[in-house]
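The chain below stands alone and is given as structure tokens, in the form predicted alone.
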């Protein structure tokens, strides 16, 4: 996190004051409870974390290593979302669903994806390795590796 956040002055400060980091730590516990079959307890744990950090991550969501949620407030990550390693998500991002049906209905972010502030990535789609979603973009289709999507509806640059 220190390498990817120019405002972070030292590790001690980040550990004490970074809500995105706290949200990820909280999710790790909630996800463990979820996969252990303690569904209600995991939802309660996730709710408590959301109340403190302003970041809502469903306990069933799968999150890889070194996810950075910068600022965090208003981030929503749905139940069937999958996030790879080394992703960066800014405040106000939604990884949401287009349907209330069961099964895979939230996005998959491969490794090294960046999602800009206020963006919505919706549906069972894949944002491939190294892709970027611009601030405020609404993405409802797969995004190729290394591509950048901007706008509403999104267009690939």
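Numbering follows the first chain given and starts at 1. In this text, all values refer to a predicted model and were calculated from it rather than measured experimentally.
This protein has a second form, the form predicted together with another copy of the chain, left out of what is shown; the following refers to that one.
### Partner proximity in the model of the complex: residue 47 to another copy of the chain, non-hydrogen atom cutoff 4.5 Å
Because a heavy atom of residue 47 falls inside 4.5 Å of another copy of the chain in the model of the complex, the answer is yes.
### Task
Determine whether any heavy atom of residue 56 comes within 4.5 Å of a heavy atom of another copy of the chain in the model of the complex, and answer yes or no.
Judged by the heavy-atom cut-off of 4.5 Å, residue 56 is in contact with another copy of the chain in the model of the complex.
### Query
Is there a heavy atom of residue 117 no more than 4.5 Å from a heavy atom of another copy of the chain in the model of the complex?
Yes, residue 117 is a contact residue.
#### Entry: residue 13, heavy atom within 4.5 angstroms of another copy of the chain in the model of the complex
The answer is yes: residue 13 has a heavy atom within 4.5 Å of another copy of the chain.
### Message
Going by heavy atom distances of 4.5 angstroms or less, which of 104, 129, 28, 43 would be at the interface with another copy of the chain in the model of the complex?
### Response
Filtering the options by heavy-atom distance leaves 43.
### Query
What residues in 58-96 sit within 4.5 Å of another copy of the chain in the model of the complex, counting heavy atoms only?
Read in sequence order, the residues that approach another copy of the chain (within 4.5 Å, in the model of the complex) are 58, 71, 72, 73, 74, 76, 79, 88, 90, 91, 94.
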